[in-house]
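Coming up is one lone chain in structure tokens, specifically the form predicted on its own.
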């Protein structure tokens, strides 16, 4: 039997993980990456939940970990509360993190994917450097996926994330700060050695973060700026020998914008579907595990973005009162489990009119 050739477009975590698994399974894998270096430019906060590291122990990420996080301080205006969970997440150097996955993989760097077309037997790939054929195509080419734009039915809304790294003196060592401000939130992440990552997701992110830094009187030396697009949505992820993966498939948490863990899980499902030649099962597995979380997250995002100030404060006060339950049952990556831990309280029924009104505002 001829060896199946697979082309992966995009050398981010999801693309690299599926490439590694498929290469180890004996497939011939071609990886195309438009940038000159793996992991750069950085377009992620670099905060990754412990579930990722527990599920992908066969990769050595030690050199990429900068700090271990033991909880979060959540703010809404002047009100706040603290959640403590030892080792809930890790701060990583995303360049080193991605490069850890790319070991033993042959990646064609600085090569831009242009288009693809199918014939009866092969998929013809065109890049800015060459033209070649492949049996299967995996689009892990990020939030502005060119592969997704070629015939996939998809709903996607894009947000802009922006983060600065600052050398400063803050009383924040193992805790992150989350300052709620629609459409997402602002954050402060302690990287270690006096360096903090301060970021936001907003319509005017640069202006928002400058205002946030001034308001909180944060003074220090700015080291660099990192920015990227966060794609929120859902749609087709498989169509006739072509798969979407990671940000290209909007395998992203709608409430926080994090995508590393969901993309990693999807890479496992995709590997399984290719190994069994049951390509359509990729969509089914993703829908069962990741899709459920994304659907619920999209609904909650719609509600959150349409809350007025009074409604948001009322819900924040309730969540603050559930600190103990959140510390015990809250999940960094599976938000529906966190929500289920809250709705057991009969008081949640008092928010039904608010949630219904908020949802209807967006129809």
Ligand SMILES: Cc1cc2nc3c(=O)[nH]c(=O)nc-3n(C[C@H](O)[C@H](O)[C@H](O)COP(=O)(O)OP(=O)(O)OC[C@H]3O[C@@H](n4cnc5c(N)ncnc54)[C@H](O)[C@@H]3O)c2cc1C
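Numbering follows the first chain given and starts at 1. The model shown is predicted, which means the values in this text are computed figures rather than measured ones.
Not on display, but discussed next: the form predicted together with this ligand.
Considering this ligand in the predicted bound form, the lone stretch of 275-283, 165-173, 106-114, 208-216 in range is 106-114 [heavy atom distance within 4.5 Å]. Put simply, residue 314 is far from this ligand in the predicted bound form: not one heavy atom of it is within 4.5 Å. At the 4.5 Å threshold, heavy atoms of residue 43 reach this ligand in the predicted bound form. Among heavy atoms of residue 245, some come within 4.5 Å of this ligand in the predicted bound form.
Residue 34 belongs to the set of residues with a heavy atom inside 4.5 Å of this ligand in the predicted bound form. Contacts with this ligand in the predicted bound form, taken as any heavy atom within 4.5 Å, map within 223-244 to 228, 229, 230.
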